[in-house]
Ligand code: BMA
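First, one chain by itself in structure tokens, the form predicted alone.
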Amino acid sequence: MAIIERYVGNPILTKDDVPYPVETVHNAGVTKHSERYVMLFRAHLRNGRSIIGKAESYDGFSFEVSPQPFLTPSDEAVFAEYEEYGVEDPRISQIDDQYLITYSAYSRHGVRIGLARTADFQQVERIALISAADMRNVVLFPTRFDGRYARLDRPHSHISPWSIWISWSPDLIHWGGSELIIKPEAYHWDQMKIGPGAPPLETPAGWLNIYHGVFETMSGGVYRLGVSLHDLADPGHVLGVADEWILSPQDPWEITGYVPNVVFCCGAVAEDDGTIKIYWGGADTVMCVGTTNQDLLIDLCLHHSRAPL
């Protein structure tokens, strides 16, 4: 039995669904707002740079794209310099009445993380650039821990395989206290690099962290999804990392596209009945969705696990 059941209507969003010219639709953050699913997706323009669009749905499967992009490279102050080459791969975390959006900001100086917020997905405000270069993947936990915010990071490194770290902040802007918490496993499905995917999901057993892992082959890297479980009170304490992947490229639109052999997740929605909708980009070209159960993922982390470090 598949760990994640693919939706029979995949892909759920393609470039043909977008009412302005783009070449791809992928790597989308997804959340619920006012009984609707809101998807913020990355799209390549025809000049090769990326913007972030918005789509909405009442069932989490059928999405309608807004007529205008949601976030494009800024022309204001410090943001303009560091978003010159595009904005990519948004993740959405709700804390109180705000939706906080982390995104990758690309420029001639490298890639760093931007942070924005919205209350209604109509207006969006940039807060700060919250990392130096090079930082590619950051997801916020959707709560505070003893008054502090927490995030999962994936800094670049050429000394050790790219790994998942945790960092802390009193105000969302100043971050520190960073610790390495999960490393790739040698000669394993994620041995080349790993990074946080969707913002962690709260369950009675702990925080579920759906992450991506890469295995290098003779024809390039294969991107798959894995899952780990983190302590509810201390998310830097990893309770278990599932030894096997939970999703691998399989369908034609995951195997062939702008970047072949990729499933890449930036968003997941936990439902009241214990099911989870997981959203992923296929081959950096289209958006897909599948469903799983939180108890199944928890069992994989606790009873079919490997060491995090």
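All figures in this text were calculated on a predicted structure; none of them were measured in a lab. Don't overthink the numbering: it's just position in the shown sequence, from 1.
Just so you know, the form predicted together with beta-D-mannopyranose exists too; it's not on screen, but the next bit is about it.
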| query | finding |
| --- | --- |
| Residues N27, D89 and R136 all lining beta-D-mannopyranose in the model of the complex, heavy atom within 4.5 Å | yes |
| Contact assignment for beta-D-mannopyranose in the model of the complex, among V38, V262, A268, I52, heavy atom within 4.5 Å | V262 |
| 4.5 Å heavy atom contact, K193 and beta-D-mannopyranose in the model of the complex | yes |
| 4.5 angstroms heavy atom contact with beta-D-mannopyranose in the model of the complex for Y103 | no |
| Any non-hydrogen atom of Y211 within 4.5 angstroms of beta-D-mannopyranose in the model of the complex | no |
| Stretch in contact in the model of the complex with beta-D-mannopyranose, which is absent here, among 29-37, 254-262, 237-245, 269-277 (heavy atoms within 4.5 Å) | 254-262 |
| Partner contacts for 41-56, taking beta-D-mannopyranose in the model of the complex and a 4.5 Å heavy atom cut-off | R42 |
